[in-house]
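Below you will find one chain, with nothing else, as structure tokens; this is the form predicted on its own, and questions on how it binds or moves follow later.
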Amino acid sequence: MKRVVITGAGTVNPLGHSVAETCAAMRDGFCGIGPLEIRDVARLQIRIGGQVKGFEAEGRFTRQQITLYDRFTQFTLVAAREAIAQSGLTFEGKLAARAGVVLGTAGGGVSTWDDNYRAVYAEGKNRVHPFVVPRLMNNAAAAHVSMEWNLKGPSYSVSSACASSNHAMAQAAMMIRSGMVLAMVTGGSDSMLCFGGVKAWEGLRVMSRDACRPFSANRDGMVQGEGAGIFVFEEYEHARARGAEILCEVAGFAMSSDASDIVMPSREGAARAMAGALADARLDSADVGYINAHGTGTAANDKTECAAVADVFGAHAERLMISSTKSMHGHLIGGTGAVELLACIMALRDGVIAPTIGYEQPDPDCALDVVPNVARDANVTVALSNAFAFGGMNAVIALRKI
């Protein structure tokens, strides 16, 4: 079985338009959540979000490209540029045929849906732009990444709500392990911060009006964000032979389904995914130093996740550091696991544990070391990244320092 390593990383998210900016913000405990700047915000009950500010498509893309790219695709392409540049790979000849892209997204081109529903229903227009379908389809970002970088291997998208990017990255790793490919561009993106997107989430009644406070007893819901995290996964010997800088190893992963409820998380399902990732990586629970939690800031998710961690790690759970960076960037839905993987890489490479900001009151149901409010220096050799989605779809990735 082939080993899988990460040789490139890129991102656009509420904390920064690059990996360096994002990691600096995580170290500083910076909050990227603030007032939404979108059309018709006054009609919304929820008026905050982790919005990507200062991002202009002009200057990054041609006018023709902008007509083809929804906002989630734009984020993806910019993040992919950073990741592929860092990897140093050029996809030509045999490598092009043995490299592909698998990306996660929950909503795809939500902004395109929103704009065109408005045009037809609210403004009474009888025609829409001919590229509406290519803009809004969930595989749009994957298609444009494959075309821009000549990736001729397996290329497609995965949609499993909040676990989409972790599912995508696990599949990319499986393809490299099997020998099917040598490299994969993978991760995820979403951009639902438009009127229709936020209004739909309002209906679930799980949103906070002021802040995301994971694990804090006074938490009152999640905060939606937007953005992309993109990585280059590569077969270890291929990376080593060309002298690539290796960020870390994708040591293991696991996926499970609760098979119980469409919105309520299952302690047992989450525990099976974490235990499965450890088993796949051939790691003992005591090897893990840090978990980037799903940590949405909802009452049900946080206490269920903490209970699952206690089930899997036993006494070691008291020595684990577990934090939720959603407190800083919000819940990026299908892109969230990919951006959160950056916190795991930072822990392994830089020895910095991103904090859970906004933590105000201890909760006996979340009695773990949640790294409250301030980043911490620590020597970590193994980290887990958790993603648990509506529909009971769970995906956990284990990373190892190399």
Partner chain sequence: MSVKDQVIAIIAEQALLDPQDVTLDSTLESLGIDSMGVVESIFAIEEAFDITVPFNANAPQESDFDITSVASIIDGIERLRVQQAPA
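Positions refer to the first chain, counted from 1. Everything quoted here is computed from the prediction, not taken from an experiment.
Below, we refer to the form predicted in complex with its partner chain, which is not included among the displayed structures.
Across the options 199 to 207, 138 to 146, 249 to 257, 157 to 165, residues that bring heavy atoms within 4.5 Å of its partner chain in the predicted complex belong to 199 to 207. Interface residue among Leu95, Met174, Ala299, Ala307, judged by heavy atoms within 4.5 Å of its partner chain in the predicted complex: Ala299. In terms of contact with its partner chain in the predicted complex, the residue from Met264, Ala85, Val120, Val133 that brings a heavy atom within 4.5 Å is Met264. In the predicted complex, at least one heavy atom of Asp220 sits within 4.5 Å of its partner chain. Of the heavy atoms in Gln45, some are within 4.5 Å of its partner chain in the predicted complex.
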